[in-house]
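Single chain ahead, by itself, as C-alpha cells, in the form predicted on its own.
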C-alpha cells in the first residue's frame, strides 16, 4: 500500500477541552462545516491546578483532570477555520480550557471503499 501523493496531504486538528464544553465545540464545528470528528474521554495535567481531597481520613491529590479529546482530519485550507471554531466553542477564559494541536496526516484510507486522501474524509 503506497502513501498518498503530495496533493492529498491532510491535517489532524486535535484538541483537549473541558467535558462541559463538548456540546459548544460540536456546534461550532458544525457551523464551520467540519465534515467529521472523533471524541475520546482522556485524563491529563497542564496549567490547571491540582485539587486535594480526603477519603477515609487520608488526603489525596487529584492532578489528572478529566478532559475530552476532539480530533478532526481536514484539508489544510480548512484547518484554521476548524481551530478557530474549537477555540471559540471551548473558551471559558479560565486555566484548564485546553490546547489545540495541528499535525500533518500523510494519508487516509476509507475502510469500506478503499478511497484515499481527501476522498477518504
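On a predicted model such as this, the values are computed, not experimentally measured, just so you know. Positions refer to the first chain, counted from 1.
This next part talks about the form predicted in complex with another copy of the chain, which is not shown.
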Does residue 90 reach another copy of the chain in the predicted bound form, with heavy atoms at most 4.5 Å apart? yes
Even though the partner isn't displayed, in the predicted bound form is residue 85 close enough to another copy of the chain, meaning a heavy atom within 4.5 Å? no
Another copy of the chain contact in the predicted bound form: residue 45, any heavy atom under 4.5 Å: yes
Please tell me whether any heavy atom belonging to residue 104 falls inside 4.5 Å of a heavy atom of another copy of the chain, as the geometry stands in the predicted bound form. yes
Heavy atom within 4.5 Å of another copy of the chain in the predicted bound form: which residues of 63 to 85 meet that condition, in order? 63, 64, 69, 71, 73, 76, 79, 80, 83
